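So here's one chain in two forms, each on its own in structure tokens, numbered structure 1 and structure 2.
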Structure 1
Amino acid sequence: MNYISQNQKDKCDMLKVIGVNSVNELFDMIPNSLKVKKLNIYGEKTEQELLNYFANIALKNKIFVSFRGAGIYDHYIPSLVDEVIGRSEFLTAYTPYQAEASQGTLQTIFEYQSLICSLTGLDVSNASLYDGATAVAEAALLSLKVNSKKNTILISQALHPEYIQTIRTYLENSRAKIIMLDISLDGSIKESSVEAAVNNNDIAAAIIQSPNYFGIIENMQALSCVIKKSGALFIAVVNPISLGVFQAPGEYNADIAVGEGQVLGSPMSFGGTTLGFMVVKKSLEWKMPGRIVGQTTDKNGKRGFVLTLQSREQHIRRERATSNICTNASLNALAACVFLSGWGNHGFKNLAETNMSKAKYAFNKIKSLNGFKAKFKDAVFFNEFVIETKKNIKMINKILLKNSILGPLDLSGTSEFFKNCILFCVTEQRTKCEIDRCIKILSEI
């Protein structure tokens, strides 16, 4: 099929529909100071000359060092990841409807599922969801279908606020109720508050995040015991990299593990190229949203792969579908598969330990500065921590930004409890030199 570009009439019609007079108007939001007035690419130039010319223009870009996380994180992506996902058979492939024509794609999804199950200690993974927020909301729906006579979900107040908002959106027109579990003074959820809440026999599931939104590791083993005694499902929201050093959800008897997989080989990209993962116990597999790829053999006894489960509205009657999730983030799932394979067990553990040690180093330095103190002094955290400050937070981030540093997240709008608090993130990407430079700037504000 030939590609025929739009003619002038087509372009005018398109511009009229979106309400602008010219293509240039689409770029009006870009300051004139950042626009190149004229590109000096006329005349005969070699490829090398052109590359050098554009490289010099690119030098004007500012490269920011990030000390901000809150759901999307700056991790090193090994070159192996881009090498594999950049191959045309993966980069341009679409939904694997026909198994006989999609063995490569199906196998990569199968390998991804296997690795996620191994990482979380649970039985069955789907072929990924849109993002962490979607995965958590879908887990809430799943729990209501399993415990159909119950209609209340317990949610940790320390769950990512965007995840909470997504759950509320999913459930707003249903009979489901939400009860929020307040965080304690040390930033975690206490067993006593869960115990008081689950005394209500109407609890379908409890959703707890660890590391939570404030970076703190919850006592998931103790919380699980309280939740499971009530007959509710336990939904664990986890950062997969933290599982290199902390208990896997399967080890503390979680029924469902969900979270954001961007940390596994996908870039930050102004808010992420995201991937939601979901893993469940065997007994829940038929209630899972999306797809599951399975391994089988053909008539000649050779190994092959098929879509084993597709419980969505495109394949069965709409009212019987478990979800309206229509696709999976298969390219990001492949990136996660390559990322996990490349690190291996020992390397992945080292990666998690490096995240912890660098964050601990930054935490100890920052909390000792004049005008800064730890919000939660004795809490165990992963790669994020909360600092309380007497200084102007907007001023802090403005000065850091001038020094090419994306500073901490202002938590003041979260609640009165977090007034004058900021959330720092330090991953393995941050060097000692970068951390020390940030601390020096903070000390001089």
Structure 2
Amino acid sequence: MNYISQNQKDKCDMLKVIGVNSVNELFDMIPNSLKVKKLNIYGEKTEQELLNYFANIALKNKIFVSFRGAGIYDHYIPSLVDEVIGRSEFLTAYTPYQAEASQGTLQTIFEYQSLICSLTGLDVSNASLYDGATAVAEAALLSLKVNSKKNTILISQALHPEYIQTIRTYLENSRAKIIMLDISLDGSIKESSVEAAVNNNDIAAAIIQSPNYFGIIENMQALSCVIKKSGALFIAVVNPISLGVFQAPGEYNADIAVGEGQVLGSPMSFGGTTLGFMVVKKSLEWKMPGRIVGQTTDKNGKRGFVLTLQSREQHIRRERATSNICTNASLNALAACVFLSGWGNHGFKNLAETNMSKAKYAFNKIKSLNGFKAKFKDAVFFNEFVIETKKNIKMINKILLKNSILGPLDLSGTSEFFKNCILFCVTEQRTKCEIDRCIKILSEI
């Protein structure tokens, strides 16, 4: 396949206008010694051949009934989401630099920002960041700019391990130090451990995830009090669907809420593409990384939308920009916008409650199986929970896979504390029948 439309005559005419004899002449400023002789790249396939070629590769990926989450979740995606993000007018536009010719993209981003603010109870959302991990890292950077005399970032040990790694990479050459907050025996972060850590007066921000990596809902209100008293910013990492039931970051006075937006209408797709969302208090809006859309009027007073607060950004501020981000995850933000617009309050709450109820159903059954028990007995969880088992974890998952089930994530490698532990995820996608089947298999191991 080739996507070039000129014919031979066009090319000749064009060369004549330019005043050269051949296309090669257009490259004559490149030293001959550097010219490539041949590109060894195999291809030249027709569309039909491409379909077959990739269908064959696709066979080497397996699809399962998933009981695994840990950052990427199997949620229902309404038909409207695909319909809208598949519209070529959205799909094939660039960043909306020319506002008057980009009102579709700009209004939907404005709506996305509004919906995310509403969901989190905070004031100002940006237009998206790359993913959950980079959103948390950007939040840490933001807090170091705000608290410019403080150097330490507190991070919950129950934050997604890949987010922790990403923050470490982002802060590698900065002045920041990282202190980890240990997980208590009940799987959550305790105020006392935060209290001990904030004593040194050098804390720029504390990062707490809820539901945490092990599924547990943290006592964000209590943690917030301790953190805010120290003058540190409170960065809440949240699962947006859980907010259908649990306290919103705005309610417990978080300064920044960030997280992974994949659950809002993006498929699992091997972990990419997804989006990171970020919402902040009004006072932090000028420190926010990334694009932001604002409402304005045209000269006739008609409402319209533009990219705004742009003097924060790299194309104007260069090395003094709030972030280096340019391309973000706009199409996934559009998916999130469409996703959030069709449930209504009641429906969205029902979605969250269905996740909780199904997870709880599975939890109660699994923990009472022989050889399995709850790791954290009294914890409140959303759609993930930790089970401790005497059985061979590798064997469990092997047998489940044979039955087309992607079983729980093996946490054994995490730390000594999680030896023999597995992390289950049950979303609204799992039917009672699937859950029962999974439990039956577990009971027979």
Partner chain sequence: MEKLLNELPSSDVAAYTIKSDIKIDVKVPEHLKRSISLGLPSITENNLLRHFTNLSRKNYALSTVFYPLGSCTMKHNPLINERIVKSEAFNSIHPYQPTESLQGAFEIMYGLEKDLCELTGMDYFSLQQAAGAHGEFAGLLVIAKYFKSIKQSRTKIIIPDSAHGTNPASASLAGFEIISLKSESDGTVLPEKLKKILTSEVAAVMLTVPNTLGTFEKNILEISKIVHKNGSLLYYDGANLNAVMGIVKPGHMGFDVMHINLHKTFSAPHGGGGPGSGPIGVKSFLEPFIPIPRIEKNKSKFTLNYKKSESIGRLKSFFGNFHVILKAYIYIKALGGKGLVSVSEQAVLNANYMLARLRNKVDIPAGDRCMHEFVLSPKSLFRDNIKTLDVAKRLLDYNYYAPTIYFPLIVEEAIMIEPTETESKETLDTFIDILSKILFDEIIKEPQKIKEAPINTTVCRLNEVEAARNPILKWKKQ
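Only the largest set of C-alpha atoms that superpose within 1.5 Å between the two forms is called the rigid core. The model shown is predicted, which means the values in this text are computed figures rather than measured ones. Every residue number counts along structure 1's sequence, beginning with 1.
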> With each form of the chain shown alone, which structure should be assigned as the form predicted on its own?
Replying inline: 1
> Once the two forms are fit on the core, has D436 moved its CA by at least 2 Å between structure 1 and structure 2?
Replying inline: no
>> Using a rigid core superposition, assess whether Y53 undergoes a CA shift of 2 Å or more between structure 1 and structure 2.
In response: yes
> How much does the C-alpha of K62 move between structure 1 and structure 2, in Å, given a rigid core overlay?
Replying inline: 5.9
